[in-house]
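First, one chain by itself: the form predicted alone, in structure tokens.
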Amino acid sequence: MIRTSTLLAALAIATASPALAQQAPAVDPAKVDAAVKAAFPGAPADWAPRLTPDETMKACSAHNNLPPAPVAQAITAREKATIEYPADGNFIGDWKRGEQYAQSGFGLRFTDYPPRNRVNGGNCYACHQLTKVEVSYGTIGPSLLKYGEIRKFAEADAKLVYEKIYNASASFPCSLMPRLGANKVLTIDQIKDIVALVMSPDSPVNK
């Protein structure tokens, strides 16, 4: 989803004079909505709804990602209710498959349409360092090196990792991390495999 607050800030800065850059005027949300719609004229029918923010995105945009306590509590409660847990109660899958998903950015991009016979990836490397051998990775999220080892590979922490991947906003309102399970980007089994990548002793993340 595209956060309205980000577009509002960008438009405000772009239209403000240098002298008033620190006092950017308010931007009409209708103009932002029109600009977003115009920017994606060829959006596929099943992709277009992503341009419409849900209740959580609206709240985060309205409060510039820093919602007051009552709003934050409402967000976490709403998002926690979306989490689906593995039927077998096991949160750890196959780290080798998890590594493939973590290194794949396929899925939900314009270049991935029309849909092909290929599973989505989590695009984890775009925000996190996963192994020491990586030479290119994002830094929006924290490094995950030794993540499981630091937490002594505890089962409780594996569950927390699962929940964070499934819906990050359930633990951190307005998290920048995508809601990969709640938005059906990844399946439950895929999430379990990525949890294994982060939490398994044999995973390159913990070597």
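Quick note: we count residues from 1 along the sequence shown, nothing fancier. Just so it is clear, the model here is predicted, and its values are computed rather than measured.
Unshown form predicted together with a small molecule; subsequent notes refer to it.
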property: The small molecule in the predicted bound form: contacted by all of G93, A154 and I188, heavy atom 4.5 Å; result: no
property: Contact test in the predicted bound form: H63 vs the small molecule, heavy atoms, 4.5 Å; result: no
property: Touches the small molecule in the predicted bound form: L108 (any heavy atom, 4.5 Å); result: no
property: Non-hydrogen atom contact M177 with the small molecule in the predicted bound form at 4.5 angstroms; result: yes
property: Distance check, K164 to the small molecule in the predicted bound form, heavy atom within 4.5 Å; result: yes
property: Segment assignment from 72-80, 124-132, 109-117, 85-93: heavy atom within 4.5 Å of the small molecule in the predicted bound form; result: 124-132
property: Contacting member of A34, L51, I150, I140, with respect to the small molecule in the predicted bound form [4.5 Å, heavy atom]; result: I140
